[in-house]
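Presented as structure tokens, the chain that follows is alone, the form predicted alone.
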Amino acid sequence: MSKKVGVVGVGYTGFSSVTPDVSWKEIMFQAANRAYHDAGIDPRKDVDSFITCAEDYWEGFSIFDEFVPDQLGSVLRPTCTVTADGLYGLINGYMQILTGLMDIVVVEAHSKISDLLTYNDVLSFAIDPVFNRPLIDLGAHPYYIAGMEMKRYMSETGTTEEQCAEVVRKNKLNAMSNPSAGYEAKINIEDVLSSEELFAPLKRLDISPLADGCVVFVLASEEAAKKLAHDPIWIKGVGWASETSWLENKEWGRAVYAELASRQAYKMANITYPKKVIDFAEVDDKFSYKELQHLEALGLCRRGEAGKSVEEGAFDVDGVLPVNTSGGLLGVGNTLEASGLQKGLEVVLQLRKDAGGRKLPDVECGLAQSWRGVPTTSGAVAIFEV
């Protein structure tokens, strides 16, 4: 049985606030077609399994994988839905190949959030219906949870609003070098701090805006990967975890799910000192403070030091640890279940030297981390290497 799994193809669409000219089926077809071309495969002949990452509430109908085969080329082929973030789907595909039953697996994740008129209501429905949802029903927005967490995180670590604003400035600037990004901008810290306060202390610009888009990965066993790709990008380690779903019991100042998931991934990848091995990282930044909190949870900097590090430029494209060179979700857009796969996409593009004007020199190992968003405490980590 093969011990290694490689990424042999990727395909993706641009990311945009609205895509009225295409349906969700069409963006999936576009990304899948590009991934198959990139990998040099025929989905009807070469692929053993297809995975789509989708939540029925986002889609507007149930049993979503029944609507997937046409545009992915998986008619009458093994197809399943992972109702979680795209990195969870990637990990599922990884494990399918490790069983020895599959040689090539396709993983798809997408967002067509512009079609949904009740985003806030769907988020509210995910909250505990007895103790917490009544507060939302009184008029509060689910993002108030993030505002409270940000306040607690800053209190425990000494992180400042200015340091969180620096994350926004950096990521939106990085996005200007990414032609697929939907929310690139050249702004300064004062622009962020003066933007409308929505969920204290979260300002409008602290929040990653929603976006449509699709990402498709083609995974292959070691034997198949070496036949298909001259230089496959190997998945070195993976991890995933969920903390408690109870708001009353969660660790408000720490991203425990990221701590647990990264430990699992580091152990699998045989990494003892991640700061010495990881050359760059794509971490979830649905809210500005989450990038800093996640970097600390991943062990890429000490607790309470991420804010100071971002101020000093340590996470810039030319810093000691480039973070979110794609622009992050603040610059690319929050693509819901596709967010984690978009993180993985940037890592793969950088390792393949296909990142265009934002290409990093001499990188060999990158980390992608995801968080499913409010109100969950679920996240995943994947480590890639050349």
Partner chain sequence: MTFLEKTTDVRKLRHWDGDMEAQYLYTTGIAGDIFFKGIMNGKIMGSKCEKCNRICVPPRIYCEVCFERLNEYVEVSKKGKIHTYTIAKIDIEDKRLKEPLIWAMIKLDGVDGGMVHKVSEIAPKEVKIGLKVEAKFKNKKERKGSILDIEYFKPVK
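This structure is a prediction, so every number in the text was calculated from the model and none was measured. Residue numbers count along the first chain shown, from 1.
Omitted here: the form predicted together with the partner chain. The next part is about that form.
For the candidate set Leu98, Leu198, Met268, Ala229, a heavy atom within 4.5 Å of the partner chain in the predicted bound form is found for exactly one residue, namely Leu198. Among Thr160, Ser194, Asn249, Thr272, the residue placing a heavy atom within 4.5 Å of the partner chain in the predicted bound form is Asn249. Relative to the partner chain in the predicted bound form, residues Phe64, Ser180 and Lys308 are all farther than 4.5 Å at every heavy atom. The partner chain in the predicted bound form is approached by Ser124, whose closest heavy atom lies within 4.5 angstroms of it. In the predicted bound form, no heavy atom of Arg77 sits within 4.5 Å of the partner chain. The partner chain is not drawn, but in the predicted bound form it has a heavy atom within 4.5 Å of Val22. Although the partner is absent here, Gly356 is not a contact residue: none of its heavy atoms lies within 4.5 angstroms of the partner chain in the predicted bound form.
In short, of 289-297, 169-177, 199-207, 309-317 it is 199-207 that has heavy atoms within 4.5 Å of the partner chain in the predicted bound form. Contacts between 18-34 and the partner chain, taken as any heavy atom within 4.5 Å in the predicted bound form, involve Pro20, Asp21, Val22, Glu26, Phe29, Gln30, Asn33.
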